[in-house]
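This document opens with one chain alone, in structure tokens, the form predicted on its own.
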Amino acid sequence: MSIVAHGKQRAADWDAFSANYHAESVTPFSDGVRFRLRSDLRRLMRQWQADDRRSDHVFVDFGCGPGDALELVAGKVPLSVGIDFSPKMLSLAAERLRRRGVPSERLNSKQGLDRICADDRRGRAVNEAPQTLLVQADLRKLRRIRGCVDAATSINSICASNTCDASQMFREMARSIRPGGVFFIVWPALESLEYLFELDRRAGRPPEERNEILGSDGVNVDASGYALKLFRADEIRALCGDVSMVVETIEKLSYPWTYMNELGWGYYPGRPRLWDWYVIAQMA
């Protein structure tokens, strides 16, 4: 699924989009979507709490947007970090955390990425209060935090207009994770869009409404000119293998037709739902 229905992959456009993010984007955090990330992260935090050998676990939400995934962890682990290139998205995340009573610190790219690895190198005192950072940074440029992260999320944040940028984003995020670390990822599913096109075709929906312009490399371009790279399941497995990540889970994250209809994607009750790919992978 497309994370957004319009715009280009630039911080300024995501700033403009931020005001209507939940009303206009396909998000697994919407009401009615059964998203197992919450229980997966609770299980991870229990494992960390039971590990008395370490008190320095680092969690990063890559492309954190308004903080939906970050708030599930912030204030509960030693260091939690939200990274996004949109200042206004980071402001939304800060406000969300503030309402929950979780303080956060806003940093630029160099300051924030350096802090992640500084915390990683020095370790943390057992009784030290949890810290939460919000960092404005480009997901294609994360070399500073190679091997510094214990667990991470990327919820439809591998969001690029071309295959090269999308692959680079994933590689940089994955390489930040230390051996044995885990990555929870939601990927826009190319198979789902192809399935929707077929449903539209059978229903006689006009081509200009079907948004049926699909590049051979998995880049979809809609009628407005918005381009987005989508992924097949076998492509996801290959990308994970290329960075020495072992895929433990790859499953459909389905969206109710009523929700899809509200966002203008179509309404085909009784037919299988549209989906994104939900992946859990571990760094070897």
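We number the residues from 1 along the sequence you see. Computed from a prediction, not measured in an experiment: that's the story for all the values here.
The next section is about a form of this same protein that is not shown, the form predicted in complex with a small molecule.
Just one of Asn156, Gln168, Ser192, Gln131 comes within 4.5 Å of the small molecule in the predicted complex, counting any heavy atom, and that one is Asn156. For the options Ala152, Leu139, Leu72, Cys148, the one in contact with the small molecule in the predicted complex, meaning a heavy atom within 4.5 Å, is Leu139.
Using a 4.5 angstroms heavy atom cutoff to the small molecule in the predicted complex, all of Gly63, Pro66 and Phe85 count as contacting. Using a 4.5 Å cutoff between non-hydrogen atoms, Ala93 does not count as a contact of the small molecule in the predicted complex. When the small molecule is considered in the predicted complex, Trp48 lies well away from it, no heavy atom lying within 4.5 Å. The closest non-hydrogen atom of Met89 lies within 4.5 Å of the small molecule in the predicted complex.
Heavy atoms within 4.5 Å of the small molecule in the predicted complex are found in one stretch of 177-185, 131-139, 99-107, 197-205, which is 131-139.
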